[in-house]
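Consider the single chain below, provided in structure tokens and representing the form predicted on its own.
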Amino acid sequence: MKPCTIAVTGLNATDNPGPGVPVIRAIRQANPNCTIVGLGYDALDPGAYMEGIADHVYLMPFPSQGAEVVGQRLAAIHAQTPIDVLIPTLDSELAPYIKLEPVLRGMGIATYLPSAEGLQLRAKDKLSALSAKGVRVPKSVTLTDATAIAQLDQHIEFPVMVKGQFYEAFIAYSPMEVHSHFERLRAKWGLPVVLQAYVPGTEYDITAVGDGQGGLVGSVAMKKMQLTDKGKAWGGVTIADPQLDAFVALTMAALQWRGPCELEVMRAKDSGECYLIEINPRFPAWVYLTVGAGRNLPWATVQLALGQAVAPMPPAPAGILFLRHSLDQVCAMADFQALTTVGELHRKETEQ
């Protein structure tokens, strides 16, 4: 298998882990000869120091600093460690990286990202537009001002889910609770804050890769079995469900999605119908489960970015379990100092 250098972001691996480490593990599983460049935002990201994860680590400016600043840093990294493929794994990265895609292509860095239009369509405040394309979505209300909260019961029934534009969601049973969550989410993630009708039922999470033409390259569905206090999956099991598979295919066709994503789907308790409650525009932190299910979606993304053909994958088998665990990552102070002082760490060189 031809060696290549792949850059992956999202090296945080705490109780609310980023997807970077499992994406890298999946890529290494498929191609042990590849070189991995880890792109992090904090010198304390555990993924920067894990054995067998990144060969080179570079600190990046936050996406909020703009595409130009991010692009300048990537150009400097690419000049030192040439990159073949880049996979961003955090929601906030998608907009600047999509904007930078032509620049990256000119530098010789391949990506496999959704269009700017597709990214906007999956945003929480735009998601209801998919109902016109046959995708069942709970009713939602977009809030940009706290003064509208008092009249909410005229537009939506309680309880409701109150969601930040990037992360976090809380259930609210009254306008007073909505106001409390609204202020918290506005301060942390900015506006808008989205309210979504609560659908009682069973939640399923599906990670998938779309071809950008409405086709589904592959997907793996799982049901959470263990949750953290933040509601994140700490354990789950793959499921096989033709109705859910059909709903995922319909959603990907409606979005014309290109690249990886995670769909959060609720099957209503009363009707058994599937509702799309959220689309995350990147791989989830549990993506290594796709390797166990025989559907290595991160590696498929690398192949697609390189222009290689990937045949559509059949539905994943049921009954493959993942259980997350924590461990103490021991590392040299010199490695930490390298990241904090010069913003880069080269593990292959330090290990020789």
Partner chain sequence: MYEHLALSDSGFLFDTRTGNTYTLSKTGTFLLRTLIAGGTWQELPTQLAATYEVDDETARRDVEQFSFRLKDLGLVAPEVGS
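Positions refer to the first chain, counted from 1. All of these numbers come straight from a predicted model, not from anything done at the bench.
Another form exists, predicted in complex with the partner chain; not displayed. Remarks below refer to it.
- Taking the partner from the other structure, the partner chain in the predicted complex has no heavy atom within 4.5 Å of any heavy atom of residue 306.
- The partner chain in the predicted complex comes within 4.5 Å of a heavy atom belonging to residue 240.
- Interface residue remark: residue 312 is not counted as part of the site for the partner chain in the predicted complex, having no heavy atom within 4.5 Å.
- Using a 4.5 angstroms limit between non-hydrogen atoms, residue 319 touches the partner chain in the predicted complex.
- Screening 204, 247, 234, 97 for any heavy atom within 4.5 Å of the partner chain in the predicted complex leaves a single hit, 204.
- For the candidate set 139, 184, 133, 223, a heavy atom within 4.5 Å of the partner chain in the predicted complex is found for exactly one residue, namely 223.
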